[in-house]
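Okay, so here's just one chain, in C-alpha cells, the form predicted alone.
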C-alpha cells in the first residue's frame, strides 16, 4: 500500500476516535467499578440489549476463563439485565437509549470506554452469544495465552465465529436462564467456508456455515462475515472498523499467516440459534438498528417461518478445541 492509502487510513482512525469521544456523551454509568481494575487485568467489553437470560452463564464462562473485569454497554434493555449486571462485583455497566446504528452498531460506545479503561490491557470484545475458545483453554487460563502473546510480541489474536445449532428444529428445546447453551446447540459445520482477503485492511474475509447454507443459500456472498479479532492488547490509538471483524492500525488484522507460517488462532462458539432466536430476530428487525437496513435480520425472520433444521449429515458435534484444530478451524501455531 502506498503512502496515500496509509495517510487516509490514519485520518480514518482519527475520525473514529473523535466520533467515539462524542458518542461517549450518550452513556450513563449505572455501576462504575473501574477503579478496581489492576495492572495486568484481562478485560471484557460487550454491548447488549435484552439478554438477561444469557448473562449468568456468560459471566460464569468468562470468569472461569480468567477474565478479571467486565465492561458492558446496555442499550435500553427492559428485561432487568442491566440491574443484574450492576449487582455483580466484577462488572461495570453503562446504559444508553441512543441509537445503536448511529453509534456504528455500538462500536463507538465501546471505543470510548476502551480509550478510557483498556489502554495497556489485554481486551476481549465479544457479544453475549459468543464464547471464546483458544488452544489449551481446557487446562490453561486466558492469561497463559496473553502471556505467550506478550512474549512473542503479538498484539492481536484472531478467531473464526463458529455457528452452533441443535440437531432438531431450533425451536425444539427451550433455553432457560443460566443454561449452558452448548448443551442445547452442540453441532457445527466443519466445512462450507470461503476465504478471501481484504487488500486494503489486510484482514481475511470468511463466510459460510449454516447461515450461508440455510438463510443465504441463494446469495451466499451476502452471508455474514465470520472472521473476528476479539482479543487485542489494547492501546488508546486503536479502534475497530466494522464490529470486531477488523481494526486500525491494519497490522492488527494480520492474525492468520506470517511469511507462509501458521499463527495460533481461536474460535468464537456462536450460540445464536436457540429457541429464543425467532423472537429476537423479529424484535431486531422491527427496531431497524442493524447494518444494511437490517437485511441480515430480514433473512432470519423469513427463514424462521418454517422452523428450519440447521443440522445436516455433514454436521459435526463439538468435543473440544483439539477437535477444531484437527479439522483445521483453529490452530495452536507454535504455542506448546
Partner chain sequence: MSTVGIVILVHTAFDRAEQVIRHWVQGDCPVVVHVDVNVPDKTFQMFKDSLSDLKIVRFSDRHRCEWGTWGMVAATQSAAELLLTKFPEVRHAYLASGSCLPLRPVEELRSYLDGRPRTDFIESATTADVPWTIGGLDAERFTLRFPFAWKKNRRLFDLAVRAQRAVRYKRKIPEGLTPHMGSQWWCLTRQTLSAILQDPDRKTYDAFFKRVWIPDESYFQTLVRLYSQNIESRSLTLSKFDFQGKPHIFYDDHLQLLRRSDCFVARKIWPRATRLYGTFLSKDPTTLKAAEPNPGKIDRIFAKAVDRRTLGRPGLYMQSRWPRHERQNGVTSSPYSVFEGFAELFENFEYWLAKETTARVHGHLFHPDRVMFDGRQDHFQGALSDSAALRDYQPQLFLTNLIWNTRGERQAFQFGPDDQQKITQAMARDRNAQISVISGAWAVPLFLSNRNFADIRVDAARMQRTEDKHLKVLRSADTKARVRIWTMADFIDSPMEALQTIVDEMTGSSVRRLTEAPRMVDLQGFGQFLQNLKNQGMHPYLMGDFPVENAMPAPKQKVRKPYLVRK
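Numbering follows the first chain given and starts at 1. Since we're looking at a predicted model, the values are computed, not measured.
Quick note: we don't show the form predicted in complex with the partner chain, though the next part is all about it.
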Taking the partner chain as it sits in the predicted bound form, is residue 250 near enough to touch it, meaning that at least one heavy atom pair lies within 4.5 angstroms? no
Is residue 120 one of the residues lying within 4.5 Å of the partner chain in the predicted bound form, judged by heavy atom distances? no
Indicate whether residue 221 is a 4.5 Å heavy atom neighbour of the partner chain in the predicted bound form. yes
Looking in the predicted bound form, any heavy atom of residue 217 within 4.5 Å of the partner chain? yes
Taking the partner chain in the predicted bound form, would 107, 237 and 287 all count as contacting it (heavy atom within 4.5 Å)? no
Among 123 to 131, 168 to 176, 92 to 100, 155 to 163, the region lying within 4.5 Å of the partner chain in the predicted bound form by heavy atom distance: 155 to 163
Only hit among 77, 243, 190, 88 for heavy atom within 4.5 Å of the partner chain in the predicted bound form is 190
Could you tell me which one of 115, 184, 206, 201 places a heavy atom within 4.5 Å of the partner chain in the predicted bound form? 206
Partner contacts for 310 to 328, taking the partner chain in the predicted bound form and a 4.5 Å heavy atom cut-off: 312, 313, 314, 325, 326, 327, 328
